[in-house]
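Next up: just one chain, as structure tokens, the form predicted alone.
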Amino acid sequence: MANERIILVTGAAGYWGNRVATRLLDQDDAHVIGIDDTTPQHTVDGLDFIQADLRNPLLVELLQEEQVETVIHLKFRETLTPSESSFEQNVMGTAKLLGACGEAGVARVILKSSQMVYGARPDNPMFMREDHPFNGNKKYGYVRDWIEIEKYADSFHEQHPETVMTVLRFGNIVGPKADTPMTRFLREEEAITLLGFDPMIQIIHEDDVVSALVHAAADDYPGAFNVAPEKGMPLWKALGLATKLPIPILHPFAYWSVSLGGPRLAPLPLDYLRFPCMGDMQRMRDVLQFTPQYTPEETVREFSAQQRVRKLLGKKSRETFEQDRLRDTIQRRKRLRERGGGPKRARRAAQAE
């Protein structure tokens, strides 16, 4: 095919890699190569899958032979406690991949990251721009690895300015299928909160995460971008929509308990339940030209409804869920038309759900 885009997706056997590869394959001009060290549990029709470790020294040759134009890096092992094995896979694996991309002359690299790299602190501005320092809590393995990966990305950009490096820092990801720190927090029967604190948080739907990654592969978007709905939500409101019972405890006792038991006692660093960690979305809006389709309220309501359906499996619950989902879909399509997206774009957004 003339002008065929060759896109390589790492972590193709995992949830994010599998979903992004599937969405990319809907585009007629895309040839998608998936790479992972394990085989996918779910076969993706049309995916050109290669089983290999990103640290394999022959990766450079693979990128050159396949004439890969774009790499979307989604191979990431999320762990609560820092470990050498996760650091080796996440950080050193990324470093090896970036080195191979530079040597092979890959035109574009896209990394999935998180706004948690900024950290939640009392002196944070209400909205942090992409040049804000990284003050994330490195006691949590996934936060530490995200920060180190971004440092390698900065170094790579300095050494290979000809390669477009795009870093998407997502807000708190929530969805019926995604396994993230925030979904694990919201799945708890009783949600531990810190007495006297109700920070604003940003929540993004898992479908919007996939859409943003696919969107970033369509053109050159150099630099880092905060990605989430511009509207935030108080933590306690999210808990209410998720029908979770907040359990407020004194924050010195909470920190003391986590210090004794380790991060596994709390899926989210306690600082993020105490202080704000909100990203400024101007670059997402003006430069990346991306707009999430789901509001935070729609995202949490859908998540909560799915949880209830799974527990009750009753006809009435399913019917209520279907009504709520269609109502939110109608509102999303209305917002899209008001922004000038048109019916065709609205159909594509609905089909992506």
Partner chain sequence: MESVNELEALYNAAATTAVSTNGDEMANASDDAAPPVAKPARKKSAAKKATARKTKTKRARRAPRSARQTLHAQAQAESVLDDLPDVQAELENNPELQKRNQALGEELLHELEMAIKRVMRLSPAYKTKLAVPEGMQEAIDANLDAVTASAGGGSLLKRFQKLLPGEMIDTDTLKGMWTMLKFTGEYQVDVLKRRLKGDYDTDEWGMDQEFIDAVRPLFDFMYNRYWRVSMAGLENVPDDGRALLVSNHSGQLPLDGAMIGIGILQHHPASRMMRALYANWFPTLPFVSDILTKAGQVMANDENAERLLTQDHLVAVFPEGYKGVGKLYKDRYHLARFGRGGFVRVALKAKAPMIPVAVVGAEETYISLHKSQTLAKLIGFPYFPISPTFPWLGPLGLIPLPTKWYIDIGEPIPTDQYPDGSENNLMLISQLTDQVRDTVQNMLNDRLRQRKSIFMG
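Residue numbers count along the first chain shown, from 1. Model, not experiment: these values are computed from the prediction.
The same protein has a further form, the form predicted together with its partner chain, not shown here; the description that follows concerns it.
Novice: Taking 123, 198 and 241 as a possible spot, do all three reach its partner chain in the model of the complex with a heavy atom inside 4.5 Å?
Specialist: Result yes, every residue of the spot touches its partner chain.
Novice: Only one of 177, 151, 184, 129 gets a heavy atom within 4.5 Å of its partner chain in the model of the complex. Which one?
Specialist: Checking each option against its partner chain in the model of the complex, the one that comes within 4.5 Å is 129.
Novice: With its partner chain left out of view, which of 77, 251, 215, 138 would have a heavy atom within 4.5 Å of it in the model of the complex?
Specialist: Result of the distance check: 251.
Novice: Even though the partner isn't displayed, in the model of the complex is residue 223 close enough to its partner chain, meaning a heavy atom within 4.5 Å?
Specialist: No, residue 223 sits far enough from its partner chain in the model of the complex that none of its heavy atoms falls within 4.5 Å.
Novice: Applying a 4.5 Å heavy atom distance criterion, does residue 275 contact its partner chain in the model of the complex?
Specialist: Yes - in the model of the complex, heavy atoms of residue 275 and its partner chain come within 4.5 Å of each other.
Novice: Is residue 236 close to its partner chain in the model of the complex, meaning a heavy atom pair under 4.5 Å apart or at it?
Specialist: Yes - in the model of the complex, heavy atoms of residue 236 and its partner chain come within 4.5 Å of each other.
Novice: Going by a heavy atom distance of 4.5 Å, is residue 37 a contact of its partner chain in the model of the complex?
Specialist: No, no contact at 4.5 Å.
Novice: Go through 168-176, 110-118, 277-285, 77-85 and give me the stretch that gets within 4.5 Å of its partner chain in the model of the complex, heavy atoms only.
Specialist: The contacting stretch here is 277-285.
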